[in-house]
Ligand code: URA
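Below sits a lone chain in structure tokens, taken as the form predicted on its own.
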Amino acid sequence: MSDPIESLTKAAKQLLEIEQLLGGQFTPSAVNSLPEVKLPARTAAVANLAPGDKSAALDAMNQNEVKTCTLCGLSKTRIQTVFGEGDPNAKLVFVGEGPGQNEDESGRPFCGRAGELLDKMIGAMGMKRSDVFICNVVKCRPPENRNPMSNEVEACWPYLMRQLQIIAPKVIVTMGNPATQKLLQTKKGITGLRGNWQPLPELADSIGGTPVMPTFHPSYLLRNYTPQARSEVWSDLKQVMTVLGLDLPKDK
């Protein structure tokens, strides 16, 4: 039986993080109606990986392939590759477009101001950063933080596909236009896509059909920290919580 004090403390911490995310008093936004989401069938090679095997497979890819990758010009300008981090058995994967300066220097995804906001988003969902997996479409920083070019995305694409195959998440959250448009194979913008469930196309064996929730990138929120934008992101996250079976916080 869980400790009631511990449960209350966790709930209070979650509400505090929700208020920090929304920039003030917690006022929940309406949750869009949820369509029935059918999860894809997993191939045996992926579905039967034991937890330790998933961790080992990701580590081997990182150490033996990504860290030494020279498939595109970004390898000449990077400081470090940024493979991604988190729980290899995560039910939820966040995907951004590419590393920035802080990530390039540290080798960790989302560790600057945008990362602090992403941590608040995850905390508002009642989870910790270590409970999810966070990665980017490209694993090296594009100079001046520009959007990745098509050849750079194509060079990194097999790495992202294999990450998703190994982790086999229940839900993917794409953040911003580049990650959303590439993973959903669409030219439609994030403003029109966010808040609406999309099935992942058959991009690789065993991951087609995975529910994808597009939302704004934390960097966008930092530039547009309006009540409407924050409320929209919180609405998106609450839909993800519902599909993952996480308890929604009670209204204040």
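Since the structure is predicted, the reported quantities are computational estimates derived from the model, not experimental observations. Sequential numbering from 1, following the sequence displayed.
Another form, the form predicted together with uracil, is not on view; read the next lines as being about it.
Across the options 120-128, 107-115, 164-172, 86-94, residues that bring heavy atoms within 4.5 Å of uracil in the predicted bound form belong to 107-115. None of the heavy atoms of residue 180 is located within 4.5 Å of uracil in the predicted bound form. Shown without its partner, the chain has 217 as the single residue in segment 212-227 with a non-hydrogen atom within 4.5 angstroms of uracil in the predicted bound form.
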